[in-house]
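One chain is shown next in structure tokens, namely the form predicted alone.
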């Protein structure tokens, strides 16, 4: 349990942990490359450690220094070995879905599972296209959830029009396509994050993109890379949001990845009136990076919907918190995906903000939030986080702007993506013991 009180302002310069999405992919693709992939800035969080453990179980030699350095001795496309145990993905949906696609192309049988949350999350979205490719993948309990049992099969390329814009779905298919006969084309309703495409291209895969479509042809070799992982914009988002809503704040978050498929949070907060400056924009290992300076701002409500949703789906709980302290009405829609994350985030955001005094209405695909500012703002309460790291961090930010004390019941859950979150929050805001 952590108690958070109102802050007098966030100050200073910080670096957030490495990007979780890129860290996962560096291990998965490094494991099937031919040679040694060296990674710096790796996220030492529980989800990414789950990925390392799964590939170690398949015979991949991975040296991890316990900090941000990882060396992956790639086994090649066809060098993975049959695990002698069930592959446990912990709480990581990314590991579960993307690795399952890769496993459909192996010549051994495997079982993939995770914690109680993972065993409730929908896997049909990857099973459907993988089965179209010829994969032998079944849900052990017959409920389209993990555990997933994957047996050897002969794969063929497909043209797949995905009903959801999901990088996990797209990446799962791309992994399988490396082992399929013929090319595979995936088209999304909107462009989801493209880290897999960028890394595959850098490693020599025959892959091309055109708007919301990606085409990949199978190949024989992926070449190892030296990968520098930028700071995770999903982690930086909490300090961006906090600095915007807490009076007298002025902070700089260094070396943040601003990949356009991930940086919707910057556009939305700017559209709401946020004072956000990007400096030193540069490219690192194919990814755009910048330092982000944020100052307290007077925010106003907007509508958030459509193609921008996939670029900020993980940040929507935080945006809802900021909207509750903005002038006017904010409408968030086209975000039904929030209900099938680590928790039902539509329910938790609505219930927790209501408990803090916000005027918020849940919808099937989002929220309507009537902002309250000044003396009619938020007040502290005990937050139901359901062990969801993004809920815990979003409402920690809310606590910095609320009157009274806000209690985060399970602060340890932030280790999934940001183990040092409360240390960094204390350093910038000075309010957490």
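The model shown is predicted, which means the values in this text are computed figures rather than measured ones. Numbering follows the first chain given and starts at 1.
Beyond what is shown, the protein has a form predicted in complex with a small molecule; the following relates to that form.
Stretch in contact, per heavy atom within 4.5 angstroms of the small molecule in the predicted bound form, of 126-134, 274-282, 89-97, 201-209: Selected stretch: 89-97.
Any non-hydrogen atom of residue 167 within 4.5 angstroms of the small molecule in the predicted bound form: Close contact exists here: in the predicted bound form, residue 167 approaches the small molecule to within 4.5 Å, heavy atoms only.
Touches the small molecule in the predicted bound form: residue 341 (any heavy atom, 4.5 Å): It does: once the small molecule is placed as it appears in the predicted bound form, residue 341 has a heavy atom within 4.5 Å of it.
Touches the small molecule in the predicted bound form: residue 302 (any heavy atom, 4.5 Å): So residue 302 does not count as contacting the small molecule.
Contact test in the predicted bound form: residue 313 vs the small molecule, heavy atoms, 4.5 Å: Looking in the predicted bound form, residue contacts with the small molecule include residue 313, since a heavy atom lies within 4.5 Å.
337, 197, 291, 287 - the one with a heavy atom within 4.5 Å of the small molecule in the predicted bound form: Contact with the small molecule in the predicted bound form is made by 337 alone.
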